[in-house]
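Next up, structure tokens for two forms of one chain, structure 1 and then structure 2.
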Structure 1
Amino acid sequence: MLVARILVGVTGGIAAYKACELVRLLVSAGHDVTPITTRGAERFVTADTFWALARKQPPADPYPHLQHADLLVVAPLTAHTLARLAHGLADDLLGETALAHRGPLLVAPAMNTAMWEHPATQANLALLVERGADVVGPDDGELAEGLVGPGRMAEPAEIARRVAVALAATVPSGPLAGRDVLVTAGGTREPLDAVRFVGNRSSGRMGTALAAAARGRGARVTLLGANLQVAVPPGVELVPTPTAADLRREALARADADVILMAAAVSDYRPAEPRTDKRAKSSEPWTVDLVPTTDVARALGAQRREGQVLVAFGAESGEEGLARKRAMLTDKNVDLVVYNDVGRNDIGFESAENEVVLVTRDGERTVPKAAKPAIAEAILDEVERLLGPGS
């Protein structure tokens, strides 16, 4: 079964009552549904009704529209909201959602015949379609005013069918379908002054390869990108995290993910007192006090939940480095440590290839030198094993 995260926008028409059945059908199909109601919609059906049908509590997060979703459905779509979406107005949560959403959009118009046939409405619809929106309906039939004609919202079952078609074209199926996967990638930079920083050589190739591989296996993937030097894979939500503090904050905010792959090279130290201006060049030495950053992997391990898989990455050299990585299993309460030998110059940082040792509590396995996408697939094979049957 293809499981997706779906946003359902409900606008202020009499057909709002039909959206209740749409939400019920989508939830029954196993999807994660988040309702977004306009003020007009709540004149007909309360938001609490939709949250109850979605089988979840209203989120504490004030920005649900900024979270990744596989599909945005607006049903019913009134003439007023159609005009606002066509012209990018963001004066309510649904408008903001439509602008922030990066996946497919499916709309089900509902209005009286005269409004539907007006040239302004048709021009607004054409704008949405030109930008890739899919339209279901409206149907011919008896309208709320007692008239008969086009403008009746498509039936919920038909909208649900079109949702399935849209998802089949955009959401990959696979062994991680329905799973939330969090990946960190790149290298953090800790400011010395307004232009200089303490950083590392990580490009983000390994982390983005992991994100692409997880997405290819059907997962919903969020990528915390620290100064990436490579492109973000399609279908992956990017959250920029330039510093260690940024990465820690965003990672802890998403700590309930099913799988967390901590591939970013997070700075171990940061300047104790970074300058807000640029320090002028001079012949005098510049002494900088460095203090430890917070260990993100340890913080996530301390609050892990049952059934979650945590993967830490370690860049060290030689057998002594590998021994230190083995200790991370217990010290940081993770399931898998990926050891990368940075003593070699043909793999790892700034290289298209890598060779790693996968360290778990029940053994170790070397993944021979290969392109980073192949290494990513091997790591995810191990993740699936740790998740267990039916992952």
Structure 2
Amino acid sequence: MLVARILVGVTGGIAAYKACELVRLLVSAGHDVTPITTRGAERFVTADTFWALARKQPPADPYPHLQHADLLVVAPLTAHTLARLAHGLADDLLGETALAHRGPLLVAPAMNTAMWEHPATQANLALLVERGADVVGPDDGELAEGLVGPGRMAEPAEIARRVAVALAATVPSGPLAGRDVLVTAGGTREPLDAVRFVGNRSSGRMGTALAAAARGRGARVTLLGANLQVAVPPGVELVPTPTAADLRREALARADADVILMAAAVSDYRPAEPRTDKRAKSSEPWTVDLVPTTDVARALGAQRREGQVLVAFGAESGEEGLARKRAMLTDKNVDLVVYNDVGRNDIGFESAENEVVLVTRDGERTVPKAAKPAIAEAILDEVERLLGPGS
């Protein structure tokens, strides 16, 4: 079953009540559904009803997770919102979402026949179709006002079927289709007090490039992002993990992924006793005890399952650093160590390029200096080889 993140826009028509059944069908098919109701829709059905059917709470900030959906469905679609979508009006959350959304759009118009047949409505619809929108319905039948004609919203089951068709066309197929890939990226920050932290210069470029590459090969990708300085690739689920403890907890919760790529720079030390307030400036020195954090790669290696591929990254310097990375294979029970020489300042941290050595039990391969997306592809080639035939 293809599980996707679906945004369901509901607008202000009588058929809004039928959108409840659509949300229920999509949720029971396993999809992660986020409802977006217009003010018009809420005259018919409350947003709370849709959140309850979606089995989640409305987020405090709706924007971050509205950006990376696999599909936007608007059902019912009023004449008014059809016009707004056709002309790119962003005067409410649904309008903004539709403009920000980069995936496919499926609409189920519903209105009385006269509104449906009006040249303005048809011209607006033509604009959406021209831009690639999928239209389901409207059906012929009895309308709310008792009239008969085209304008009834398509049945929820039919819309759900069209959702499945639209998703099948969008989710990339590829050698990693059906695989769960977990990627960690960025640099953790360990609090010293309420505003200060001990951190590192990792931008998250390498990890996000890996997430994009894995998604491009058809995998379901979850990205544990530690203070990312770069955008999350489309189609990738982001779980923010600002500290080493957050990253470890979220990684262990997903330890059964088929592939785990640990590209984040996780702090090896954290302040022993972070203050909850801000330490006031003073002329006195501030001495801080740093204690080691718990090694997430080691923890994942300890519970590594058959067939799983674990990839650790190591930023060190020179030949000695490389030797330590070789030892990591057995020491941490991982399958591949990506060695990154941070002694050089033209590659690695904050840089758009990298040069790495891929260290496995059966040898070593240098991937020459290249842009991080190209390095990511080389690493995934190696991962696929380790997954074995049929990966």
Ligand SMILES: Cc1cc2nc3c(=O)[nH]c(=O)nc-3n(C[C@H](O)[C@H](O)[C@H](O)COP(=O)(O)O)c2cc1C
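So that the term is clear: the rigid core is the largest set of C-alpha atoms that superpose within 1.5 Å between two forms. Every value quoted in this text rests on a predicted model; they were computed, and no experiment measured them. Structure 1's sequence is the ruler for residue numbers, which start at 1.
Only structure 2 matches the form predicted together with the named molecule.
Positional change of His87 between structure 1 and structure 2 reaches 2 Å or more at the C-alpha, relative to the superposed core. After superposition on the rigid core, displacement of the C-alpha of Asp335 between structure 1 and structure 2 stays below 2 Å. After superposing the rigid core, the C-alpha of Gly186 moves by less than 2 Å between structure 1 and structure 2. On rigid-core superposition between structure 1 and structure 2, the C-alpha of Arg162 is found to move 3.5 angstrom. CA movement of Leu106 between structure 1 and structure 2 equals 7.9 Å, with the two forms superposed on the rigid core.
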